[in-house]
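Just the one chain here, laid out as structure tokens, in the form predicted alone.
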Amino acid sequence: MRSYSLIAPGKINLYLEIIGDRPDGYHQLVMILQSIELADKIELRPNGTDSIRVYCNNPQVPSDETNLAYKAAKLMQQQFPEIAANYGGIDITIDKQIPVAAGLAGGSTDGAAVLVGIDLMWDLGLTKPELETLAAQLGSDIPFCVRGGTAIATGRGEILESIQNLDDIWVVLAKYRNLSVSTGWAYQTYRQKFEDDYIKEENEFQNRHQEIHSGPLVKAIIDQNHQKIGNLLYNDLEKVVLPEHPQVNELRSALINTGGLGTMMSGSGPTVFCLCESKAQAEEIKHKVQDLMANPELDFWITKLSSNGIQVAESS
């Protein structure tokens, strides 16, 4: 059995609208999701045992069965027990480059990479839609992480429709190292504050989905109009996260005031991103905000939007 090395890109939300409740306790969402080049590297190797073992260079990342990479391997063993018994256990090594608990799908993309890698290791021949269906059992972001690029996501985020890729826009990411935001808390707090505004009828959900498909942000993406894309960024979760975390709000304001195409918090945060026309502009904005905030706990990354989901780096 061969070993595989996979590139697992992170993601940002260009648009996140909460439109209602679902019977399963999740929210009905309409999102536009976007891959970025900032990525983890995942190594999968047969280990000659029956065990799944996870290793990571970042001590914040759990190495037990709570890790999404572990859960992905376990799911594949359960789905294909005879093949799993034949091939044995797997060592999963995560080179963590995406910041942890940052709203950038770092754990989700690692899980997606394990699904793709085991499909290759075991020669299962699964299609991308089949991998995405498996991924949806693990988490709402994971099907998109398998696919990558630019996509409209509906349902709880697992129903995807790819649209025109954006891959020539640069991004500044900024996050306080000592700050994390619970995704569950963000959605629950939003429900408490705004539940009265939720759409209740199924046909209204469908109408709202269609409005996004034909809406101004999707048109701007198809037209590759970078300025309009920056102007139309939207995230409902900012309404609850920014008042609760003034540091994130101040960081967002600082990035807005230094220019760029557009600035927003990604997902439930606390990472804030700024879209830029060039690497030079991204570097300039990063240095200005770094000097302005002067906080040793504030980390920055410069990356690009990406048209790729999980990619094989090399095999042996």
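In case it trips you up, residue 1 is the first one in the sequence shown, and so on. For clarity, every value in this text was computed on a predicted model and none was experimentally measured.
Only in words, not in the display: the form predicted together with ligand C5P, which the text now covers.
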Using heavy atoms and a 4.5 Å limit, would one call Phe205 a contact residue for ligand C5P in the model of the complex?
no
Exercise: Gly89 in contact with ligand C5P in the model of the complex, heavy atom 4.5 Å:
no
Check Gly184 for me: does it contact ligand C5P in the model of the complex (non-hydrogen atoms, 4.5 angstroms)?
yes
In the model of the complex, Tyr55 touching ligand C5P (heavy atom, 4.5 Å)
no
Report the stretch among 172 to 180, 114 to 122, 187 to 195, 216 to 224 that approaches ligand C5P in the model of the complex to within 4.5 Å, counting heavy atoms only.
187 to 195
Pick from His245, Arg156, Lys96, Lys228: which residue has any heavy atom within 4.5 angstroms of ligand C5P in the model of the complex?
Arg156
Option touching ligand C5P, based on a heavy atom within 4.5 Å in the model of the complex, out of Lys286, Arg45, Lys41, His27
His27
In the model of the complex, which residues of 129 to 161 put a heavy atom within 4.5 Å of ligand C5P?
Gly139, Ser140, Arg156
